[in-house]
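Have a look below at one chain only, the form predicted on its own, in structure tokens format.
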Amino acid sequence: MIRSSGLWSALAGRASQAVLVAVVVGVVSFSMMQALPGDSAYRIAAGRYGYDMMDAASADVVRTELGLDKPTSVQLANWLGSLARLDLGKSAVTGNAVADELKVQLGHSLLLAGAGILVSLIIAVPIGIAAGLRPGGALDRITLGASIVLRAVPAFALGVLLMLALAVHIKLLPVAGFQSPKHLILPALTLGLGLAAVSSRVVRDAVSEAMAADWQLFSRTKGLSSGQTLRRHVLRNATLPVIAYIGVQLAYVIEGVVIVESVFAWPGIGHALVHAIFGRDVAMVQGTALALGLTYVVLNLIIDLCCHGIDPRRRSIT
């Protein structure tokens, strides 16, 4: 019988972390929106009616309707109370429920993030394995240089370069938007290259360390071929640190999704967050920031479960 006390402990820890993230993200995002200069009511009214139709009377109506004339502590307390009831409120600009808008936007963001991680694995795993099998070789040095260059280039600059090269000059892919599966390629490639720049080195180091381990040498003395040793032992032992590092990279994934969505006009949660900030849509900002924070917690939980399943040392038998 497999005991799962460690698993339940991880679940409980992530649950408490989710509660803490919800409170901190809500308070911080609300405080940052309050610190922005200008009158929020005017910006919201402009988003609702357009700058040509907006006037002081419209701003006063918005201010009264949304309770922007109340003390900031009361506004924050109202939002936290609604959050405790699992109610994220309504968008100040569109009037739609924040939760309904997040369902669509979060789906697009998860699609982009998943595609970016897949691209990074397709690039990083074979390159990292090949470099790790011959550390210090020509391929190892070349991939190290490429990794440094790619990681140094900001995501928005890399996206613009790929856009100019593959969409503007070659006209191989659409520039931006989301009308067909082709529109996913450029943003996924932009996100995936940034992830692969570091992931390939993690794979390389894990494979190199596994190849130098005593058990690898013992498996060869047992009569296993180099290919059998690689498949049965090296890759499995190298998988654990790679998966663990993917959890570390999730912060980069979330940050990259926000930037890449803005560059390519991808209709995801990061793109919505940027527009909500400009429109002073506080409920939408808090909802999107909360969704991003909780997504990070959930993805880290998935990484914990994967590591728990792969590494037998994390499981005990009774």
Partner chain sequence: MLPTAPQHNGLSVARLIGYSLLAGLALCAVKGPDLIGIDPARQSLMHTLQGPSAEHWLGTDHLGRDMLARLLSGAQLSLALAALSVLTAALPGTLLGILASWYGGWTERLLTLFADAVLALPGLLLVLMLAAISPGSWWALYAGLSLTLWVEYFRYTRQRSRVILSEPSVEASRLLGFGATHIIKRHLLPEIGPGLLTIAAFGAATAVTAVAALGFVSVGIRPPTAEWGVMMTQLLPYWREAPFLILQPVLCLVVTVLALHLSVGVRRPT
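Numbering follows the first chain given and starts at 1. Here the structure is a predicted model, which means the values were calculated and not measured.
This protein has a second form, the form predicted together with its partner chain, left out of what is shown; the following refers to that one.
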Practice prompt. State yes only if every one of 148, 248 and 293 has a non-hydrogen atom within 4.5 Å of its partner chain in the predicted bound form; otherwise state no.
Written response: yes
Practice prompt. Examine residue 71 and determine whether its closest non-hydrogen atom to its partner chain in the predicted bound form is within 4.5 angstroms.
Written response: no
Discussion item. Can you tell me whether residue 59 touches its partner chain? I mean in the predicted bound form, with a 4.5 angstroms heavy atom cut-off.
Written reply: no
Worksheet item: Heavy atoms within 4.5 Å of its partner chain in the predicted bound form: does residue 21 have any?
Response: yes
Worksheet item: Would residue 25 sit within 4.5 Å of its partner chain in the predicted bound form, counting heavy atoms only?
Response: yes
Worksheet, complete the sentence: Exactly one of 153, 139, 111, 104 comes within 4.5 Å of its partner chain in the predicted bound form through a heavy atom, and that residue is 153
Worksheet item: Does any residue in 262 to 278 get within 4.5 Å of its partner chain in the predicted bound form, counting heavy atoms only, and if so which ones?
Response: 262, 263, 273, 274, 277, 278
